Ligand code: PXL
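Next comes just one chain, in structure tokens: the form predicted alone.
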Amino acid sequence: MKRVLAIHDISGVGKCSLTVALPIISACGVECAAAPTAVLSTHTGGFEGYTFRDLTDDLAPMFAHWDALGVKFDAAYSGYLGSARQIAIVEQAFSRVRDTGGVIIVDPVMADNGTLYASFPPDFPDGMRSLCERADIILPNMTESALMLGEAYVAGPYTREYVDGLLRRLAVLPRRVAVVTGVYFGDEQLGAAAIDRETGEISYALAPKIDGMYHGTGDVFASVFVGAYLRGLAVPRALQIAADFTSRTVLRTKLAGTEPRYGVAFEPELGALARELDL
């Protein structure tokens, strides 16, 4: 069984980050180890009065302990990082994973809907760009892509010409594949697009677009992709499985009338995901 190191924050309530990555990646038949970057009572989207515990000082000792034990990871998968200092520590962890043949996957969580998250300083995208340059695969959304490239954010719906051009500009960052999420050309479908840096081949993965704003869907999408990719699926197929899975969870949540800030109902879909991966 392959082992991936997920480096994210963890929110006790509100499904996102590690509470999404751990069960989804495990359901894909991949062991998911965790390096929490912070602990929150809830995520920060739509909740007030949440507690926050920064774990920056714990990261380096955790990584050193695993090194001392000889623990090896087939991949490292990072998401929300709370500071430039955390980025530097994670870069060192990436070097250790790469030295043992592991794959580096970065979801540069820092912005959405054209805006950098309020908790980050204006130069934070430069740090995330540096982290993405150390990755094999990156999964930014449209806003994060624009910030790392130093470009103005463009709101959708998009054209294939625009998305293809954005991907070609993003391709200079990772070593293998650049993925951009939040791609849509109209009201019917939503998903992602990817470019293979070596071949220049571009692929799209779209699924039914469900109206509404649902927290944690980016983490759901990325975690399914990571699990499917580490099971040996090619990038285009792994992205399509992730897009379909995320769409189904959003639809299930909407039909149930669940309050969106608590996250999407991904749990009932885990069995179908495992079957799709022939587990």
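Keep in mind the model is a prediction, meaning the values are calculated, not measured. Sequential numbering from 1, following the sequence displayed.
The discussion below concerns the form predicted together with the ligand, not included here.
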Next item on the list: Kindly indicate whether Leu206, Phe245 and Arg248 are, all three, within 4.5 angstroms of the ligand in the predicted complex, using heavy atoms.
Entry: no
Note to self: Is Thr44 part of the interface with the ligand in the predicted complex - any heavy atom within 4.5 Å?
What the structure shows: yes
Check: Within a 4.5 Å heavy atom cut-off, is Leu40 in contact with the ligand in the predicted complex?
Finding: yes
Next item on the list: Report whether the minimum heavy atom distance between Tyr117 and the ligand in the predicted complex is within 4.5 Å.
Entry: yes
Margin query: Please tell me whether any heavy atom belonging to Val103 falls inside 4.5 Å of a heavy atom of the ligand, as the geometry stands in the predicted complex.
Written below: no
Check: Only one of 267-275, 21-29, 7-15, 253-261 gets a heavy atom within 4.5 Å of the ligand in the predicted complex; which is it?
Finding: 7-15
Check: Since exactly one of Val90, Val109, Leu190, Leu166 fits, which has a heavy atom within 4.5 Å of the ligand in the predicted complex?
Finding: Val109
Notebook entry, point to check: Hey, which residues along 118-139 are within 4.5 angstroms of the ligand in the predicted complex, non-hydrogen atoms only?
Noted result: none
